[in-house]
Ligand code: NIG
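For reference, the chain that follows is the form predicted on its own, supplied as structure tokens.
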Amino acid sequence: MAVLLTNISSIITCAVGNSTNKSGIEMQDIGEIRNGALLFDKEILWVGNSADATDYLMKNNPAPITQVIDCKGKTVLPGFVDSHTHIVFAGSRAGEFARRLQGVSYQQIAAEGGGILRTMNAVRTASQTDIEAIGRKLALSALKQGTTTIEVKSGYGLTFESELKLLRAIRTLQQELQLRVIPTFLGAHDFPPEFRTNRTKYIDIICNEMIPAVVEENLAVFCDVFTDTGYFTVPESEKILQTAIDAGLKVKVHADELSSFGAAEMAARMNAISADHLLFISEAGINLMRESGTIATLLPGTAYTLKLPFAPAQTMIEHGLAVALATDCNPGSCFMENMQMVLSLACTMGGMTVEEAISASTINGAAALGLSNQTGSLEIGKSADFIIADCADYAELVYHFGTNQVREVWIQGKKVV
């Protein structure tokens, strides 16, 4: 049984054909069709102009159409792919946010035992059920605002038991929720207090205990590491990532968020699927990432919250990188799950065009998760994951900011919002 959307004022396909992403100037081409039509069941069956829909249906005899929806005055585009979040945690850091507004730095708060370590202490004492409740609430909120695929990281436990607790909570969300949930192991988010003076021991625990257990229980697709000043060094990160690769995990990197640290260069050498943050990326890092095909995932909400310079998105695009956008939703540096707001920040403060931001939040977000052959664009054979926005022009998604313009959300051909 198929559904036909017709008279769509603007349909954005973000089509890539045989490619896996849009890089450089290609990000401007979002494949807009005016007065468009979309035919789908669980997958996209056909997309084109409404005037051609009748001829297609007569000539190709597709599955019986059970519903025809008039989308005049609406924009249809692929569901947002949020490829970097930390939505499983416990506790609150609202007080730290207030202190940062008073001028206290993120690094100073962390040195005082706050930041990641504050959330770590809350996670260690929380039940898995409590952690699931927080993640569920944030994921459902993201869904209502157009996110159809979301990556979720561990990283707030920093012990064998609590990291597995977080990943098992993510697995529960995978099983329960209608949006696609992709799990990432981030045991290398920080060094816990008990190993501050014995970094080698904690790295051994990650490599020899955590990663094997994660793989044995099939709890993650990716392994991530925070490579930056005050966190994991490049050699430490390389050891962890190589262990993960050898165990069958794909790898990501928190890279160059706080300083130009050489993390982007390392991510490229390790063939990471993405390097994320990149506020202080070097030109060498940009060039190496282009050569390796590593996706540059930018998190403008974090720069906004921490009052840091935005990542050099236009420089990356001019150098031919594939740029993705994500929320970085987390309790400390960006407590926001709305991808529509990410588009606004990326354009108005990050220097991206509306078209680049749409490509970055859909097909390139999917590429940053290795899923662009399944979702992220409206092309025949891909999952029918899309949103119907209550605007006739896609630019209004950024122009009319601060509101939820998503009217409906469909995942695998089923209306879920």
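Because the structure is a prediction, the values reported are computed rather than measured. All residue numbers are counted from 1 along the displayed sequence.
Just so you know, the form predicted in complex with the named molecule exists too; it's not on screen, but the next bit is about it.
Heavy atoms, 4.5 Å, the named molecule in the predicted bound form: which of 313-321, 327-335, 284-292, 169-177 makes the cut? Say which one. Partner-contacting stretch among the options: 327-335.
4.5 Å heavy atom contact, residue 268 to the named molecule in the predicted bound form: Outside the cut-off, so no.
Is residue 149 one of the residues lying within 4.5 Å of the named molecule in the predicted bound form, judged by heavy atom distances? Output for residue 149 is no: heavy atoms all beyond 4.5 Å of the named molecule.
Answer yes if any heavy atom of residue 226 is within 4.5 Å of a heavy atom of the named molecule in the predicted bound form; otherwise answer no. Flag for residue 226 set to yes.
Verify the contact flag for residue 74: yes if a non-hydrogen atom of it lies within 4.5 Å of a non-hydrogen atom of the named molecule in the predicted bound form, no if not. No.
Which residue, 165, 250, 239, 189, is the contact with the named molecule in the predicted bound form, using a 4.5 Å heavy atom cutoff? None of the other options qualify; the answer is 189.
Would you kindly say which of 109, 279, 207, 116 lies with a heavy atom within 4.5 Å of the named molecule in the predicted bound form? Selected option: 116.
Stretch 76-90 - residues with a heavy atom within 4.5 Å of the named molecule in the predicted bound form: 84, 86, in sequence order.
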